[in-house]
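To begin, one chain is listed below as structure tokens, in the form predicted alone.
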Amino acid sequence: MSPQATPEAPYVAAFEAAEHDGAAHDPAWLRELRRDAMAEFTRAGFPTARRGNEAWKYTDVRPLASTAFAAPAPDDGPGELDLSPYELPCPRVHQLVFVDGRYAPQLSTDPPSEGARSSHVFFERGDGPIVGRLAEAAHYDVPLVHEHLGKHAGAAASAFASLNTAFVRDGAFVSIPDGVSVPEPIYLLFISTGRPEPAAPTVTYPRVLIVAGRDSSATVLLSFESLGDGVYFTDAVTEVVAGPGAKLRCITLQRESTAAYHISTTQVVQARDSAVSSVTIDLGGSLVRHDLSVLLAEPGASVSLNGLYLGTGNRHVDNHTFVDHAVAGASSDEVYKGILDESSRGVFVGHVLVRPGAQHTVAHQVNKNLLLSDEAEADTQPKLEIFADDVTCTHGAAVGALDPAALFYLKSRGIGEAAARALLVHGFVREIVDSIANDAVRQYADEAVTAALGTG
């Protein structure tokens, strides 16, 4: 196959055009970051099991790679959009909205810039959280952005992370200064219009950088939503840096179009005594893949990973997690649950690495899959690599149908079969939904899950 005919060629051409049009206004370090990422993407190409890539043995991305995606056409903005279906049941001070990859100031609570001076001051203040556009933060060369952007989920993470980095120009930047506690959720909303068009289907590259300072505390909700049912591709990357003693709660809700491709990479790096809670809920998309990696870099760091994925129709949902216990005295707890119906397929690969010298590690991992049809399929692969001898580590996996005895018990109490099944399914997911500490975000997620399951 000639270089011009490779699946990567259209992205290379789009990158060169984008760099020619707008690169001169960006800092030199950002242009270099993008160039290096595109070189890595070109070198690696889209992952395939045929290339000996064990991490993609269960997920075939050839349908995605063979589709000609293009950037959304320039326009005057999203216009009037009804955000009422996506409103949180609580007051919030910080909300950033992106529509088809573009910042929508009229839909965001972040005040628009009033000039270079006010923007510069906004990114330098230390009395409260900074929730702003990544493009502006990079333009003003904010030190935290220069220090962390692309350093954790960079070119080495995956081909899709490289592709996102190659096209990074805007996104969300969240900085919680030392000692600051943010009571209201910080809401990052990424909307795809998802409307079928005569032109090529679109691709967007949502990018999020979250930096939590020493002894800070915050809740961040990332929501990926669709207004239509067309084919499109979302390639998202999130980098999370938790400073010493930081308490950070990150919730990701994905409700893309049933015809969409959603690939995301999340990299978390934790310092001493930090605590990160991650909850990922997948309710949409046609082909979905999440790569979530956590580096417990200093003693006392702890992480809680909870996930829920729903499969209907021919949906394919693949979750890969990696927890790196790099030092002694860190802990991790992980629970992922899948509900798979019709001809859907769920994949979970959870890898925990305990490095030499990482004594007193505590690591627990569980994956449970509930199959609601004979055609549904679950592949689960929990993995422990332990190179220390004084640790407490467990893992387990289960795949099964609804408990006949529990179903019979409910029916014997006068509950119809459909209602009894709904009660058991909803009970199966409660552990994941209840792991969301913030009341408003938990209510919002519960309503989304209930609607998707049809158990309301």
Partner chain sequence: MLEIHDLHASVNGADILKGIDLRVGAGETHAIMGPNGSGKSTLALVLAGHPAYTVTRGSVTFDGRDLLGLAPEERARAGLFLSFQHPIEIPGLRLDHFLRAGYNEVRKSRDEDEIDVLKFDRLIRAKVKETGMDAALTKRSVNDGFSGGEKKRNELLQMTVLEPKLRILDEVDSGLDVDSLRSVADGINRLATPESATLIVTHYQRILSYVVPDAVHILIDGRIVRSGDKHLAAEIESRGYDWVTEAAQPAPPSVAPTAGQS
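Note that the coordinates shown come from a computational prediction; the quantities given were computed from them, not determined experimentally. Residue numbers count along the first chain shown, from 1.
Another form exists, predicted in complex with the partner chain; not displayed. Remarks below refer to it.
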Check your understanding: Each of 406, 415 and 427 near the partner chain in the model of the complex, meaning some heavy atom within 4.5 Å?
Key -> yes
Exercise for review: Mind telling me which stretch in 27-35, 40-48, 419-427, 59-67 gets its heavy atoms within 4.5 Å of the partner chain in the model of the complex?
Suggested key: 419-427
Review point. Does at least one non-hydrogen atom of residue 410 fall within 4.5 angstroms of the partner chain in the model of the complex?
Key: yes
Practice item. Scan 352-390 and note down the residues that get a heavy atom within 4.5 Å of the partner chain in the model of the complex; none is a fine answer too. Key: none
